[in-house]
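The chain below stands alone and is given as structure tokens, in the form predicted alone.
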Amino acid sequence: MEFGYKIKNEWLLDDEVTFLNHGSFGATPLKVLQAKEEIERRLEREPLSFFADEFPVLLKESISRLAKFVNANEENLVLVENATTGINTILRSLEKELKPGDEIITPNHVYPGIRNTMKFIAERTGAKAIEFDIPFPVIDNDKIVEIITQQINSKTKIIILDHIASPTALIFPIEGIIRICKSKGIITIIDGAHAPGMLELNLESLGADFYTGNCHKWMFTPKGCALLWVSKEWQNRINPLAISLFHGNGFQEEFAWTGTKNPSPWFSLSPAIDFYNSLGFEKLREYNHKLICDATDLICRELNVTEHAKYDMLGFMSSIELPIKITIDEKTTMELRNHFMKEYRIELPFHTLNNKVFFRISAQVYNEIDDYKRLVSALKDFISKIK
């Protein structure tokens, strides 16, 4: 299958919009949406039979396909709605492991929703939520490991690490960090919101205590589908956020049913994986990675700004500093997003870090380098008007 604009009709994406933000919510292919709709029709034709008879079979099939995709044992995997739900599930279950003075730590590249969850848990338990700085631009992976190692002390109870950071798009060297933390008895939680479909995962060999990741971003499922992997030693202490009929029946059974919901995003995993495989895993990764590197080089060169990460530290996204001085407040990033959408018809997310504003570009197989050339023109026009 040929990539670029020739494949864009596989999605419902608006042709009038230059869509450079696959990373936020993904984009579900038409074939997968059609499969989802068929599941919903099956449910509504006979709801009781569907939930009683079809639901267990479809859930087992979805977990089995997902387990092979991320190299995990089926019994260690459950499905949740999104990675934020996964992190909340873990931390709420770990409240009883925390005492006043314990530390929950994370780098400052953390997703804002997880930052809020850490603060919430700290307030409930008396633990401390600590966010430490990892410079951006970053030198290399060894420096990241060094900074995190220096942050760990005898009070560190839990570390939360992004596999791929949302604001900066950096791929963190989690394997080495996990080994160090495990040797010191620190609970390791990996927020892999962007990883499934972007990186080749092997959850069983990773060595973390917990791993959660979205399937609706880079795996092409509908919204509302994410994985939660829990190591065997923790499974009897982890409960879903909603306690329901099968509480006490074991890890997978508890998570399988947390009350009535539309399960079609979960049961669209097989058609989503089929679509992903039809593109070719290696071919997709090579195209997207090369495109994001070429786009980053183009934008940085045209705007005369510094690249903030080595290309081997990026996957299919890149963050670039907006080279202007503007007032930063809680509305800044959304106002910038709205402006670029309204004035230029470009969908682009903005983030703040260390009192600077960055924009993040994504590369997916429906994008071409001309998309980023349009972005360069828009950025130059915007900057000229601000100055």
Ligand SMILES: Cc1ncc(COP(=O)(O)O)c(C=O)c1O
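In case it trips you up, residue 1 is the first one in the sequence shown, and so on. Values in this document were obtained by computation on a predicted structure and should not be read as measured data.
One more form of this protein should be noted, the form predicted in complex with the named molecule, which is absent from this view; the next part is about it.
Only one segment in the set 209-217, 276-284, 121-129, 233-241 has any non-hydrogen atom within 4.5 angstroms of the named molecule in the model of the complex, and it is 209-217. Of the residues given (Y111, W229, W266, F251), Y111 alone sits with a heavy atom within 4.5 Å of the named molecule in the model of the complex. Only one of the listed residues (T106, N288, T188, S166) places a non-hydrogen atom within 4.5 angstroms of the named molecule in the model of the complex, and that residue is S166. By the criterion of a heavy atom within 4.5 Å, A272 is excluded from the residues contacting the named molecule in the model of the complex. When contacts are judged by a 4.5 Å heavy atom cut-off, T296 does not count as touching the named molecule in the model of the complex. Of the heavy atoms in L170, none are within 4.5 Å of the named molecule in the model of the complex. The shortest heavy atom separation between T117 and the named molecule in the model of the complex exceeds 4.5 Å.
Residues N82, A83, T84 are the members of 73-96 with a non-hydrogen atom no more than 4.5 angstroms from the named molecule in the model of the complex.
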